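One chain comes next, on its own, written out as structure tokens in the form predicted alone.
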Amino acid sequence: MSAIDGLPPLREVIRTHGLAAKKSLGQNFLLDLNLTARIARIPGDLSGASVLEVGPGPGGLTRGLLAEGAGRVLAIEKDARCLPALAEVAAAYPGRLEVIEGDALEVDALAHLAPPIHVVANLPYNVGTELLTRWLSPPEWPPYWASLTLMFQQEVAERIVAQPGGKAYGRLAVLAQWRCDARIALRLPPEAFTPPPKVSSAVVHLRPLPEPRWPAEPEVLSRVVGMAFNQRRKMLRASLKGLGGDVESLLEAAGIAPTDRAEQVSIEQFAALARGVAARSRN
């Protein structure tokens, strides 16, 4: 599929602009416009919506988002080589695409887009987890974003949607599912990309809940969960010693056995533990 718009096929764009993917930037380009269109449809109706895209590269997903009717797309691209190709996309969709050369970790999307904002991105592998953690930990909730549709290495995607009891379950699963509905919306094999990565990829779709599933102070929950999974092979009575005081009593009050390990603890139990830690600090 190359005719979602009047622009050339992506392979031709890459050849014209000399856009060989850079490993140092975590780049793997998705060239099939059928696939980029499928990803652009995952958030639902984008008619007139504001969209933030991180790492657009040669613009395949960008074109999909615009073709699906996004009213305004802000694309943040660190690789200056991609800017001429993205300028061609902007020219084909007058007034609807703004491209910023910069680091997504440093750009304030709210200075350019009005919420609610759909975030849709084939994230560079080297910053994907950090960006997700930031989106899940804003100063206020509900967040400014209406949905996150993000491509990760499949292993990372599995960690986001994991349930208690397995090796994939960890801090990312707790932070994501405490405040969001999260699902894997699409799986992609290595050969879908240029160059093919060594692992499969998956697109995760997250929608924020109006409120967290269980009450807890975000900073306390994040700290407790981080400590628990930082030493996930240890029993919680050992891994949470850094909380100080009578850790075993805190755990038992939250319905957690002191001999449990982090991967056995549900998000509801972690939230109860965080409430206990917060209450103790106030006394």
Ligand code: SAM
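Residue positions are given as counts along the sequence shown, with the first one as 1. Quick caveat: nothing in here was measured; it's all calculated off a predicted structure.
One more form of this protein, predicted together with S-adenosylmethionine, exists but is not displayed; see below.
Peer 1: Honest question, do 216, 218 and 268 all end up within 4.5 Å of S-adenosylmethionine in the model of the complex by heavy atom distance?
Peer 2: No.
Peer 1: Consider the chain as shown here, without its partner, and state which of 76, 97, 162, 206 has a heavy atom within 4.5 Å of S-adenosylmethionine in the model of the complex.
Peer 2: Only one option qualifies, and that one is 76.
Peer 1: Of these, 54, 256, 70, 240, which has a heavy atom no more than 4.5 Å from S-adenosylmethionine in the model of the complex?
Peer 2: Flagged contact: 54.
Peer 1: Please tell me whether any heavy atom belonging to residue 50 falls inside 4.5 Å of a heavy atom of S-adenosylmethionine, as the geometry stands in the model of the complex.
Peer 2: Outside the cut-off, so no.
Peer 1: Taking 4.5 angstroms as the cut-off for heavy atoms, does residue 124 touch S-adenosylmethionine in the model of the complex?
Peer 2: Judged by the heavy-atom cut-off of 4.5 Å, residue 124 is in contact with S-adenosylmethionine in the model of the complex.
Peer 1: Would residue 180 sit within 4.5 Å of S-adenosylmethionine in the model of the complex, counting heavy atoms only?
Peer 2: Residue 180: no, not in contact with S-adenosylmethionine in the model of the complex.
Peer 1: Residue 130 versus S-adenosylmethionine, in the model of the complex: is there a non-hydrogen atom within 4.5 Å?
Peer 2: Residue 130 lies outside the contact set for S-adenosylmethionine.
Peer 1: Which one, 164 to 172, 180 to 188, 78 to 86, 133 to 141, holds residues whose non-hydrogen atoms are within 4.5 Å of S-adenosylmethionine in the model of the complex?
Peer 2: Of the options given, it is 78 to 86.
Peer 1: Within 4.5 Å of S-adenosylmethionine in the model of the complex, which residues of 260 to 283 have a heavy atom? Give them in sequence order, or say none.
Peer 2: Stretch hits: zero.
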